[in-house]
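Encoded as structure tokens, the following chain is the form predicted alone, with no partner shown.
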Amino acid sequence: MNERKNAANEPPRARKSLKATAVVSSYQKEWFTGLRARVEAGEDFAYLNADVPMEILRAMDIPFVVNQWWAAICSAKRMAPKYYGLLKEAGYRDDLCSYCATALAESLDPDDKLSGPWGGLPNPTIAITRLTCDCQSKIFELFAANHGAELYVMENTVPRSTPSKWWELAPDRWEDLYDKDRLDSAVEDLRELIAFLETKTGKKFDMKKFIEVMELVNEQEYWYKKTRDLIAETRPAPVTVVDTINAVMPAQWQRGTRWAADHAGSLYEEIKALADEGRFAVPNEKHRLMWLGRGIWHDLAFYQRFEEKYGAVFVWSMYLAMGADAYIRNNVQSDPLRALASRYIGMEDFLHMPPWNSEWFLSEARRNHIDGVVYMVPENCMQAVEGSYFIKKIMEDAGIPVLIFKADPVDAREWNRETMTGLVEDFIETRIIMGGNK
């Protein structure tokens, strides 16, 4: 691979204006250095999928890294093309889900500790995922084998009923949101996970510490709720998704810590100060855009390519909005494990299953006065298809035009930013401006 040629063809870096975004970037490097030191000192280290209840590990002080965060880091560091080349050379399919398989691909790199992001991923002793799709557990199994880690797989359940407006029920009425036996089963899964971790690591689960973690998560997500609502109400918008994605997504994987809660508060205060002072991200804002799908981690500057020419501003992404609506669980002291069970068992429903996701997306589009939706559907992830037909239909039935295109959030090998820019420009011109969504 010609690294010099690849460097010359790299997309421009996104402009990030918030101090909170820079703080996250600095903090995660420092935190990762500390994590590496703990692993090198002999502590157990876990690698988790994003829908694993990480709050348990946080309460037990078990170091961990989240799969999707690490995939985003590898992509942002321009490592994904190299890693996926190694995966192909090893005889694997060339269209494995990038979010799930990036770390598997990285584990094939003999030079990873020299060239990998921040010295590469330390060798995990534990790998934990859930049975939420057909290939994910197999990818984690292969990943665990390459690192000599112990694989732990959690069950996944699906709803038998679909209550309206889940985001209004989730904070306080999770017994109405889910089937009772589904919650019961999830609580037992949590108890089994705790038992496994205690046996594996020798550390004991402390309910008092766990409650503290849950309350810190609530504090963090309440700040995100205030931030989400502030951006929705402020025109022009004080920030765009380039800052909010970068500030929120990494901090979500630090949730349950004092740092993450304080950072969420500082993010809100910084954005509120911008709004109060009349300082806007794009002063000539004319069209508010919603980004559906995962972030394009290898080309975040893509979101800013439509601001000067069209006054088209991406103001919404799932990262901040999910924090606002999906995580908060009040009165956790009454039944902390059940509160956590109600948080994680619904994530796949909220994001990937219509009408759970489609109704929420429409509600968010209306809240944020969205003029058009740009919706990236990965070609290689069954979950991320997420009922795209129904999402597009509910939006357009409500008068909000939708552009769907296929791309990969972390693997940049087939990404053509000029072609993709042309698609969005045509959408803005023909569907938003000529269509009257001004």
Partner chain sequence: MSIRKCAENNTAFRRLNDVYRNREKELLIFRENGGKVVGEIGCDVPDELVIAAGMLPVRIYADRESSLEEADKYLELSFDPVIKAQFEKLVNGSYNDLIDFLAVSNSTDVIIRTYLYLREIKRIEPDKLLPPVEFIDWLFTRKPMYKTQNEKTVKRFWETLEEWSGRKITQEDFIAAAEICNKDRAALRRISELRRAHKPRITGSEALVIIGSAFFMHRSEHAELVSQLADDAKSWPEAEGVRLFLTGSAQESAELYTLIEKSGAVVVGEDHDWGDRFSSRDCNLSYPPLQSIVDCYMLRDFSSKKALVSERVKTLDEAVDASGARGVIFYINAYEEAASWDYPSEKKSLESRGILTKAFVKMSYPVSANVGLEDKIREFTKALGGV
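Positions refer to the first chain, counted from 1. Given the structure is predicted, the values throughout are model-derived calculations rather than measurements.
Same protein, other form: the form predicted together with the partner chain, not shown, and the subject of what follows.
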**OP:** Using heavy atoms only and a 4.5 Å cut-off, determine which of D335, E155, E215, D229 is in contact with the partner chain in the predicted bound form.
**Re:** E155
Subject >> Contact residue in the predicted bound form, from D134, D276, E233, E308 (heavy atom within 4.5 Å of the partner chain) >> reply: D134
Original post:
Out of the stretches listed (372-380, 65-73, 23-31, 41-49), which one is close to the partner chain in the predicted bound form, meaning heavy atoms within 4.5 Å?
Top reply: 372-380
Subject >> Candidate site D184, E359 and E386: all three near the partner chain in the predicted bound form by heavy atom within 4.5 Å >> reply: yes
Original post:
Is there a non-hydrogen atom of E364 within 4.5 angstroms of a non-hydrogen atom of the partner chain in the predicted bound form?
Top reply: no
**OP:** Using the partner position in the predicted bound form, report whether Y92 sits within 4.5 Å of the partner chain, counting heavy atoms only.
**Re:** yes
**OP:** Mark L142 yes when one of its heavy atoms lies within 4.5 Å of a heavy atom of the partner chain in the predicted bound form, and no otherwise.
**Re:** yes
Original post:
in the predicted bound form, does P171 have a heavy atom within 4.5 Å of the partner chain?
Top reply: no
Subject >> Heavy atom contacts to the partner chain in the predicted bound form at 4.5 Å, residues of 184-199 in sequence order >> reply: D184, S185, E188, D189, E192
